[in-house]
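Next up: just one chain, as structure tokens, the form predicted on its own.
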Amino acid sequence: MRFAGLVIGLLAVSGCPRPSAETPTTVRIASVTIDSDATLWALGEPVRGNVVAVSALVDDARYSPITNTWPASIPRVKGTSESLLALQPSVVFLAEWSDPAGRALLEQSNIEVVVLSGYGGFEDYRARVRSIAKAVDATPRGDAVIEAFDVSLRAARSNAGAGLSIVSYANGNVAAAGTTFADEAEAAGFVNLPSREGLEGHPGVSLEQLVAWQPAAIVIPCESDCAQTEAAFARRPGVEATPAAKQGRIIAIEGPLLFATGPRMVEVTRALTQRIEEAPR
């Protein structure tokens, strides 16, 4: 008994591992938004290795700019599905428009829920990266992702638009002040016409109003044959009489890129610059 007591005493002072209950656990990360899917991938291998689920739409080319990026072995899940809860995540990333009841269910399961908000431009993207990186204990990596974005943005900035008016028009809505497109267009030297008109967000605007504005450039989404989409839009009644149509400045950009909220926003600025440089004045 004295020997056993001596062994226990030696173990207590020798720095041997404490009981497993006090050993730090690995963060188990689940993402149910395309935005967080992309940022978690950008944070690098140490973070990727802790991801137990990504969003159900991550490989849908209609919405996602990072299709076929995450390995097929990583489950694709929806917000509050049983399959998500079965993975026992310790932190889940949701968007601000996610179902409140679903969010409450996750929180009741003692899961940390990070609600990502603000999708209005470059600074909102930086803020979301910081939030995601902090939640997974990867702040330095998040800072590096932001710096890489800013380097790309500085390289893409131009005065190609030279103050020309521009409108992004999709499904009867325009991208006004406080949107990603407003920042993208400004970075290429354009004046975002809906912003100038005092509009905010993505308000509905009739085709007649669009024509009445007489924009110098019109940006529209496309799926596959973007050149054909441009030509068809330029022939629409009223549109054909706008400076945009007359000067070859109907610019079709693939939907997942045009509506991207992450680092690919810089690609939109580059595309606008390239097209305006190619179009006649």
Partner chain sequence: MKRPSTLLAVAVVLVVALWCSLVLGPGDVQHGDVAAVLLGREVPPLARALVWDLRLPRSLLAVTIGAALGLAGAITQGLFRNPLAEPGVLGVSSGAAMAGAIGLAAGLDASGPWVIAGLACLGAIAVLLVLMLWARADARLSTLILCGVALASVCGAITTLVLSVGIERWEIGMKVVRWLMGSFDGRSWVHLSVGATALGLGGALAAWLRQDLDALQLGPATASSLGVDLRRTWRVGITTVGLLAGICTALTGVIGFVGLVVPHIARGLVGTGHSRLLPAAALIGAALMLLVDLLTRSVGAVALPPGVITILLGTPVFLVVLSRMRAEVA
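Here the structure is a predicted model, which means the values were calculated and not measured. Numbering follows the first chain given and starts at 1. In this text, the rigid core denotes the largest set of C-alpha atoms whose superposition between the two forms falls within 1.5 Å.
We do not show the form predicted in complex with its partner chain, though everything after this point is about it.
Partner-facing stretch of 65-73, 44-52, 212-220, 31-39, counted where any non-hydrogen atom is within 4.5 angstroms of its partner chain in the predicted complex: That would be 212-220.
Interface membership of Gly248, its partner chain in the predicted complex, 4.5 Å heavy atom rule: Residue-level check for Gly248: no, no contact with its partner chain.
Its partner chain contact at Gln88 in the predicted complex, heavy atom, 4.5 Å: The answer is no: Gln88 has no heavy atom within 4.5 Å of its partner chain.
Residue contact check: Glu208 to its partner chain in the predicted complex, 4.5 Å heavy atom: Glu208 belongs to the contact set for its partner chain.
Proximity of Ala241 to its partner chain in the predicted complex, heavy atoms at 4.5 Å: Although its partner chain is absent here, Ala241 would touch it in the predicted complex, with heavy atoms inside 4.5 Å.
Lys78, Tyr169 and Asn173 each touching its partner chain in the predicted complex (heavy atom, 4.5 Å): Contact check passed for all of Lys78, Tyr169 and Asn173.
In the predicted complex, the residue from Gly163, Pro140, Gly204, Pro100 that sits within 4.5 Å of its partner chain by heavy atoms: Spelling it out, the residue with a heavy atom inside the cut-off is Gly204.
Post core alignment: Asp60 C-alpha displaced by 2 Å or more between the shown form and the other one: Yes; Asp60 is a residue whose C-alpha shifts (by 2 Å or more) between the shown form and the other one when the cores are overlaid.
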